[in-house]
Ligand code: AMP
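So this first bit is one chain, no partners, the form predicted alone, shown in structure tokens.
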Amino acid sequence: MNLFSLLDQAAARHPDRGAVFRGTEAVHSFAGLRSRALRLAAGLRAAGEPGDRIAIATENVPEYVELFFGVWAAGMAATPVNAKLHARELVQILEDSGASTVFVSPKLASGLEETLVGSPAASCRRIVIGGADYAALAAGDEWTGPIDPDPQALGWLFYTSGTTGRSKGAMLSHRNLLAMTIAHLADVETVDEECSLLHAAPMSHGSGLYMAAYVGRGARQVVPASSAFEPAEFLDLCDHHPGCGAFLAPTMVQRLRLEAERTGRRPANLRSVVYGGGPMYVEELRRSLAAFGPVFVQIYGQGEAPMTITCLRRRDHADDEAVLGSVGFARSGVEVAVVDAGGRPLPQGEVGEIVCRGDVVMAGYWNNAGATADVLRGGWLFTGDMGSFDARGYLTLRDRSKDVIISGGTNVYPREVEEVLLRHPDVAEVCVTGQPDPEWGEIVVAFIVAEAGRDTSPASLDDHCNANIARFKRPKRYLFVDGLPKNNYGKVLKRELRERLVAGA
């Protein structure tokens, strides 16, 4: 099944209903969105072949929606790119994917042109979104040829966020994306035509992945006029559009809560906030529940199994610290296990690597057989994340396997230390990592962002840790910083923090 069929069916049921909005202004009805996508498909097929990779490098814009469905109608693979990447990183993705066309925003176009000089990707056709070439492409005749129904065809070449190195392209088929969509509707949200998806998070990542579920249900896509996440604008849009849902990174949830507390505003139509992509600490979750009520759902997934490994449902968000600190149960259609270094299942309570299998798991990495063999073994996806199951079946993440700190021969899981430090009243944000040490192998280091107007000391933080965790887990160094480096998806870049430690040493 080609995902274009979701739009085809929605347009048949709801032709005149608003499908895409920029802020509060309607851009397309469902019939108009379908027509626009088919016109783009015809233009793409006139210059390319089925299976071509079509890159999209832009901030959040309404055109994202028509481009995805146009690419799928053309039998090609969407290759969205993080808009905050450096132009060199964008060119690396164009080179790796062999993209035949890149749709690029005006903001990114000039830097891309300069960087493409001398690159193997220089032959890639560039079309500026909103420009004359784009307008001409979208104004032609509709595609009337066959639409490839092969569910195994490549639908989305998903480049990993690259927090630990160069990005890899996870090959997601239409079957993978449909399995993700069905699991979303089964486990996460009840969506109908009276709902809206607010694209506050990047559409190149989680927010864009949920586009299919909302289109399939005849719900509207709402792209902020700012093309970004602005908490005040988000609250305004929740007051205007019906049944608002959004995918937000945990750092975005925190910013939204702080804005709501500062202004005393509560969004009138906020129905659901799906959070994921990084750790949501228990203390922040409690504060956000108090501010917005029971609207939260947590998902744990990866680009390799998009958005779909486990889920902590709305009803699971009771005031139980062990549950709130977990990532919930296995999603519909996904099998999840925790295994040792030899791939053998571990009993409840023991920490090991999280593995999963199911229709949502990617086929492999694009042109990277070595990396594929590292993570796809015996039918399982080896996630690189460490975790454990409790007696009730809740899965708790400990850390990425590469982030575990081994100090004096003992494992220290950074997230456990971070959870404790965030309960200190003077701490706003924290990131814990390891620093090489000749005596201990590694020592625990905490980067601390203080609450505005507050001051604290290492002695106060030590006392707090000693009252809550074993002494060997307590940081040996506290580094006070103004902010933590994050990528476009809100993930803390631990690699940069480790580099600071090495440079300082």
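A residue's number is simply how far along the shown sequence it sits, counting from 1. Values in this document were obtained by computation on a predicted structure and should not be read as measured data.
We do not show the form predicted in complex with the ligand, though everything after this point is about it.
Contact check for residue 389: every heavy atom lies farther than 4.5 Å from the ligand in the model of the complex. Proximity of residue 397 to the ligand in the model of the complex falls within the 4.5 Å heavy atom cutoff. Within this chain, residue 298 lines the site of the ligand in the model of the complex, having a heavy atom no more than 4.5 Å away. In the model of the complex, the ligand sits within 4.5 Å of a heavy atom of residue 415. At a distance of at most 4.5 angstroms from the ligand in the model of the complex, none of the three residues 84, 202 and 486 contributes a non-hydrogen atom.
Judged by heavy atoms within 4.5 Å of the ligand in the model of the complex, the contact stretch among the candidates 135-143, 92-100, 187-195, 302-310 is 302-310. Just one of 259, 429, 283, 385 comes within 4.5 Å of the ligand in the model of the complex, counting any heavy atom, and that one is 385.
Of the listed positions (278, 364, 231, 218), a single one reaches within 4.5 angstroms of the ligand by any non-hydrogen atom in the model of the complex, namely 278.
Residues in 6-44 all lack a heavy atom within 4.5 Å of the ligand in the model of the complex.
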